[in-house]
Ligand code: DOR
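The data below hold one chain only, encoded as structure tokens and taken in the form predicted alone.
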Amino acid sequence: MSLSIKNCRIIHNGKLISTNIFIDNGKITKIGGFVDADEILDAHNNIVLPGVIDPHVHFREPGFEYKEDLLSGSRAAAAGGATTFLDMPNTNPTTTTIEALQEKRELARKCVVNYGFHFGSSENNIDEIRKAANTASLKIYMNPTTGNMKLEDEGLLRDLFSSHNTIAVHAEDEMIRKAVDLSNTLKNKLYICHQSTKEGLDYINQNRGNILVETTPHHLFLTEEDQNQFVKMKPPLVTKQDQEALWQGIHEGSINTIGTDHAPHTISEKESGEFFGVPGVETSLPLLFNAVNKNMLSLQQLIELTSHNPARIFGIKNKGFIEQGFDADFVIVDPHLTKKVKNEELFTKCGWSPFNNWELEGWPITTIVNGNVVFEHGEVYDIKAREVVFNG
């Protein structure tokens, strides 16, 4: 099966150019002159981006499928222009054993976008960690959050930090310092999830080894002034000064990725005030493209943060770039389509967004995964994707 995308614009060497893309057997075969194909898709001069790689989602399966499951989460991802997601381990059971990892792999076969998994840490699973193949990272929770996976024993943390090539941490406040210091001592790669404060970012920048930093859309676009039970999260919303430091970090390159930390709960759970986290996988790209339209960041920066860098950091094979030989994962964005986020139109099972009624300019209109159109005209098609491969 071949596909030609004609009349599209892509970023090439930092500039928007008009071109055509030819895809054969799910791979980018040619960029340039038009090639006839089994299927032809006219992009109508809209912008084609490499599909978003969301490095941080909680799709809740197994154990909490009433909030979200891997299929509904992948459908939401497709609608938001994300063609690959990396799922976190705080499910039930936690993804801390080979058996649990294999169960999640089997459950994910129904996904309509590509998927990968972070492996979880516990007090006694070092052997399981070392046997776990093809995982994005070892996730260590150094602060309490959903799932009760916090670890604090110093010796255990040192052993865990030494057990995987890439360590991802949930670390807040003083735990950021501990994680940075451990990483610099042990000389491994550290991925700091959902960084939110100026103080934490300053410490990272002053003690930077092989440390990569993620922030979230909700910390970039909301502050503590927006606080209510629906935007209760860990780490919490921060001050305007913290938010300005995050944007500065994006422009200076000290923030490397934007992960949504998509963490759905039901409306009744959020109304109770006892549940932490917000959905975000299908609103992230519209929020960021709206920021591009407002000159808050460049289109090149958006691509680096959401596609290039996640692929590089986690070593995701053949993903994240519009280059010959890479997998044909794209999102077509209408840069001038303006509409509101509406709870009732979301694909996430929880059915709400902290950005409900926000009017945004620049929306995904078509999502292509492995050369297959999986989202178009507001509809998600049931075409199965596959697990990603991590290099090394």
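Don't overthink the numbering: it's just position in the shown sequence, from 1. Remember, predicted model here, so these are calculated numbers, not experimental data.
In what follows, reference is made to the form predicted in complex with the named molecule, a form of this protein that is not presented.
Shown alone, this chain has one stretch from 252-260, 226-234, 195-203, 312-320 that lies within 4.5 Å of the named molecule in the model of the complex by heavy atoms: 226-234. The listed set 114, 215, 137, 90 contains one residue whose heavy atoms approach the named molecule in the model of the complex to within 4.5 Å, identified as 90. Site annotation in the model of the complex: the residue of 163, 188, 146, 122 reaching within 4.5 Å of the named molecule with a heavy atom is 146.
In the model of the complex, residue 170 approaches the named molecule with a heavy atom inside 4.5 Å. In the model of the complex, the named molecule lies within 4.5 Å of some heavy atom of residue 265.
Remark: residue 276 counts among the residues lining the named molecule in the model of the complex, judged by a heavy atom distance of 4.5 Å or less. Residues of 58-95 that come within 4.5 Å of the named molecule in the model of the complex, judged by any heavy atom, are 58, 60, 90 in sequence order.
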